[in-house]
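Form predicted alone, single chain, as structure tokens, below.
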């Protein structure tokens, strides 16, 4: 079992387990060229919890998300969600990557409506739901704009709204804000915290930004280099309604960020020696 660090604050200890990785490993390729991506991962995530994942490049963080999404099956162990084994490409799991994959020939409203069309909602129902989602993420004035006409932040808001249209209970986000400038990233971090809290979404968020990992997460999972194993789980313990704009002055946040940097320093150094 990994070490668990505790800090003061609000955590979700009263909520039931929702996602469970039990001794999960994943290999790619065939003998003699097998690549072991992750090894013996055991992690239980509570309903509505926001988990951040950090670690060196290639340590299997994205592989873990892909297995939870049903894109890959584990080579060993089991993954369950809501008490059931993962099904391939489950509609209850929404996946957002660094690339937004918006359809360039469709407007903002039409891009958001894609999951609703897949679910065969009527045109009236789809329009009502799309309008609701655009209001929720602040895109009403851009409904008829095309992706090429949007700023980076507006594109990300469109993707978030499309993710919400899927009506998934689990969000998987793989470095979604990595390419954005610091101010825009902060605005979207605030938006994401608000959405996931208000809608009680269970969220796994991969990032290389250690400050982002502490600012957003209820817990932070630190991975070792490949094959990825869980090195440590940090209970962040900051209030769930934390103010991200002023968080940088919070002594608890500063201490947690320093702790995470200390955890990552040996891993970064070992990568440089390879």
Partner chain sequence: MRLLLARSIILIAFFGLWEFASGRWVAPIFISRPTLVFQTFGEWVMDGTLFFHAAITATEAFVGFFVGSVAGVVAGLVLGRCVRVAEVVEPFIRGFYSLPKLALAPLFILWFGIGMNMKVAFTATIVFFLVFLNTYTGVRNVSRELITILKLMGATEQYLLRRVVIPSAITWMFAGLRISAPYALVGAVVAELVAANRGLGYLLASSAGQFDTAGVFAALVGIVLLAALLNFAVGLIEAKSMPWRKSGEMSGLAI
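Quantities reported herein were computed from a predicted structural model and do not represent experimental measurements. Positions refer to the first chain, counted from 1.
What comes next is about the form predicted together with its partner chain, which is not displayed.
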95, 118 and 149 - do all three of these have some heavy atom no more than 4.5 Å from its partner chain in the model of the complex?
yes
is_contact(residue 103, its partner chain) in the model of the complex, heavy atom dist at most 4.5 Å
yes
Could you tell me if residue 83 has a non-hydrogen atom within 4.5 Å of its partner chain in the model of the complex?
no
So in the model of the complex, does any heavy atom of residue 200 sit within 4.5 Å of its partner chain?
no
Going by a heavy atom distance of 4.5 Å, is residue 166 a contact of its partner chain in the model of the complex?
yes
Please determine, with the chain shown alone, which of 177-185, 121-129, 73-81, 140-148 has non-hydrogen atoms within 4.5 Å of its partner chain in the model of the complex.
140-148
Selected contact from 233, 69, 247, 43, since only one has a non-hydrogen atom within 4.5 angstroms of its partner chain in the model of the complex:
69
